[in-house]
Ligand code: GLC
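To begin, one chain is listed below as structure tokens, in the form predicted on its own.
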Amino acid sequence: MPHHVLMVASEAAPFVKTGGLADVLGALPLALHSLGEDVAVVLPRYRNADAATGERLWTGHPVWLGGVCYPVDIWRASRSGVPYYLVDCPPLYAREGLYTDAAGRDFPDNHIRFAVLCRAAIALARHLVRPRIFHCHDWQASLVAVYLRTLLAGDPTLMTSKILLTIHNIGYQGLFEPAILPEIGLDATLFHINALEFYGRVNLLKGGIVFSDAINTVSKTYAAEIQTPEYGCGLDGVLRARAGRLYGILNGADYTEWNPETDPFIAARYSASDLSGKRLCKRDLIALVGLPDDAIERPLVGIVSRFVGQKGFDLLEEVAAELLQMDLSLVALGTGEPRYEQLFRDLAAACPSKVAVRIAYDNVLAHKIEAGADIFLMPSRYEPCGLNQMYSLRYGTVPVVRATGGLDDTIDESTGFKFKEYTGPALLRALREAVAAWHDPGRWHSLIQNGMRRDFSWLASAAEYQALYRTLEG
């Protein structure tokens, strides 16, 4: 019997994407649907949303918050049998950015933007979808739990519904000043330590943790890590209090998009049984980024990432001089904090024969790096799940990762290299081990074969969510 699940999130591929959350909301609902679940998804209809066509179901539905009416239209699109409901409110969502302006500043009305999303999702649930489970993603959807368990606790159409909150990255919590509570239709009595109060501010993710029936995050190791002061970002105590209802379910990899046997973006397709195309992909990547032809004879390290502190690039900065002395080449793709963008520019300027950098978001180049690199580097300070290391395994690109979160759960000594201490020297040791292994063809071939045979498909993850839904419904 299907569980009738309504997912609420701030982004979903292919409609709109800034990161891994969108990948999850693009793949997990389809995998659940293929297992027989009745799943629907609600997200905002941003101005830059791709594939946001479809049929308009509702026009001018009033969403009231703090005495202000926000009329919304509801659009429905479908992907492989899964309905996606897009909440259309141009004053809130028709902007250049999803969460921030052109200068990278959070929109000051983000609390209202995502409160409207949550209330619109609840309206859909009451009048159209009738879910038995609300599956909320990150702080932007956490108010669903708060509304259902406070303002709407007596609603007969919703009171038996269960709520699951998935935390994709606890570093993003939705922090606001207490004055926003009436603006999102909540009473000031919720501003206390056992509800929304967090060191003098309102914390929407905390509200989701407190009021949901269960919480999960995107790897088993990260579920343990976020219960510690080092990784919990101030919420470790709240999570320890709910440890009996906190689960870790690893994200899956979308092999319909990330598969060297079918990838339309790479120079040559290849498989575990025929790796000849991988060298052609390496040659193509070297030429594309402007590295010298003889780089084909050195190990090529790839990076595709947001250039932010979480991703461990301060370690790279710490050992930059030693890195440039190693017998390898490096190609990096990403955007992010000016400090780290400049770090990569400086590396390329200091040694253009070894380092190539593209400060951009470029999906085609990301595929070419996965296919053309020999080694993929992810030295993250923390990593809730991580997807690129899974893609790298499938592409025969050996990961070098820090042993944290999903990186620790997905990479072992038979498929890659890990370092535990968060230090530059530990990173260098792991990278040197990988380079030494590259010079041992037998060992390297074994690492590639083991990695390419690993299966992190979404069906396995979806089956774990099914089991969690059954637990929720008792």
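Residue numbers run from 1 along the displayed sequence. Since the model is a prediction, treat every value here as computed from it, not as a measurement.
Below, we refer to the form predicted together with the named molecule, which is not included among the displayed structures.
J.: May I ask you to state whether residue 386 is within 4.5 Å of the named molecule in the model of the complex, using heavy atom distances?
T.: So residue 386 counts as contacting the named molecule.
J.: Is residue 72 near the named molecule? Define near as a heavy atom within 4.5 Å, in the model of the complex.
T.: Contact check for residue 72: no, nothing within 4.5 Å of the named molecule in the model of the complex.
J.: Answer yes if any heavy atom of residue 21 is within 4.5 Å of a heavy atom of the named molecule in the model of the complex; otherwise answer no.
T.: Yes, residue 21 is a contact residue.
J.: Does any part of residue 111 reach within 4.5 Å of the named molecule in the model of the complex? Heavy atoms only, please.
T.: Flag for residue 111 set to no.
J.: By the heavy atom within 4.5 Å rule, which residue out of 116, 86, 218, 393 makes contact with the named molecule in the model of the complex?
T.: That would be 218.
J.: Going by heavy atom distances of 4.5 angstroms or less, which of 100, 271, 150, 310 would be at the interface with the named molecule in the model of the complex?
T.: Result of the distance check: 310.
J.: Picking from 165-173, 395-403, 180-188, 232-240, which part of the chain touches the named molecule in the model of the complex when contact means heavy atoms within 4.5 Å?
T.: Looking at the partner contacts, the answer comes out as 165-173.
J.: Note that the named molecule is not shown here; using its position in the model of the complex, name the residues of 248-274 with a heavy atom within 4.5 Å of it, in sequence order.
T.: The stretch touches the partner through 251 alone.
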